[in-house]
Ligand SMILES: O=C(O)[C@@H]1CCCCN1
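The form predicted alone is given below as one chain in structure tokens.
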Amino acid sequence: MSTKEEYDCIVIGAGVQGSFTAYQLAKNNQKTLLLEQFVLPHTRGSSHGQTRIIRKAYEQDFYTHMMEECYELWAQLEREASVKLYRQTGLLVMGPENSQSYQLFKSTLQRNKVPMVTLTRDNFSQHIPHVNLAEGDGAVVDITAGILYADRALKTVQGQFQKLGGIIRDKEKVMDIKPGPIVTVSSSAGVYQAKSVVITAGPWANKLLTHTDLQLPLEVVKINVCYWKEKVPGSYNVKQRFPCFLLTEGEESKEHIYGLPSNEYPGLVKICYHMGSKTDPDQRDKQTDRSDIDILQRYISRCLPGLLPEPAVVESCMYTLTPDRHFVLDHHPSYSNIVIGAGFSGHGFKFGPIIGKLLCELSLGQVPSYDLSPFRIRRFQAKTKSAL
């Protein structure tokens, strides 16, 4: 390509965060290019799949506060596009009554006046059939929680971005980023220039950041996304008002286990372990560790007697983890016109609309709508000089 196309902003990575960022930039009258290395839609990153949990239940107040507006932004997108993206189911949070994690979830809901129900051992089974509450465990329900239709949401926001004049170029892998007052981005198919660049490349973030002499302490893990068959069809169905659930910790694991009611595949319940094994995003199919599935099988045998304890379907996804499991939302330390959204640590999808808004604000040099101190790069700056 002899001439370099010029934009106000280039967003690299068309997952949920990049797509919402591009959409927000276009809403702010920015000429925006959204680049994606794979053919859209694809299943190679972290934003695919039919469903995600949306919730206000968190251990930290700042996430609960961000989710307040996020629900409004999801509803706004539904209205704009006349598409249903959210279904309220509630989220059942279970965990050892006296554990720090469970108490943090419960107190954050209470402190922020999120509509909730506290269940007791006496009334648990009448509200939540086909689940065994472990001895010593407490249970609360975040009533506002539910399911996001993930694939549909991604397609919808990309469509709205294009309606606003935004340009998506898929099957274009970024080969080089040259920082400067005007940033030059070279892809497998062209050379582009922009006043600012936003990098939302998920598991590939550090590979792109290499071109800018920055490495973040990001670890990529492959998650086995498991679906489990109901012994009696409909027992855990969304139509039977079975909720999403989250186990903070249990006999089998110190990590979260989470599940969604049968909805995507008839008669199959999605239950996953909130951690995986380290992988290279370009070699992830070589990662065949199933230790997480063993943990889930033991948990399901003990606590979900209405499911066959052998996964009927196993798909995969990737998490890009930061050491503290909080996001990275910040300017590049050396180049203020390069903005980074990374490390969404397996819990970022629901935040897509608000993260898009925040990365747009950073890109435009505006004061962010929220305190971004939990998400700044400087919290692990000392470790960024060497590749991890």
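Keep in mind the model is a prediction, meaning the values are calculated, not measured. Note that residue numbering begins at 1 and tracks the sequence as displayed.
The same protein also has a form predicted together with this ligand, omitted here; what follows describes it.
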In terms of non-hydrogen atoms within 4.5 angstroms, which of the given stretches 232-240, 82-90, 212-220, 255-263 touches this ligand in the model of the complex?
255-263
How about residue 106 - does it come within 4.5 Å of this ligand in the model of the complex, if we only consider non-hydrogen atoms?
no
Contact label in the model of the complex: residue 53 to this ligand, heavy atom within 4.5 Å:
yes
I'd like to check something about residue 65: if you look in the model of the complex, is any of its heavy atoms closer than or equal to 4.5 Å to a heavy atom of this ligand?
no
Taking 4.5 angstroms as the cut-off for heavy atoms, does residue 246 touch this ligand in the model of the complex?
yes
In the model of the complex, the residue from 331, 326, 31, 347 that sits within 4.5 Å of this ligand by heavy atoms
347
Quick one: which residues from 290-324 get a non-hydrogen atom within 4.5 Å of this ligand in the model of the complex?
319
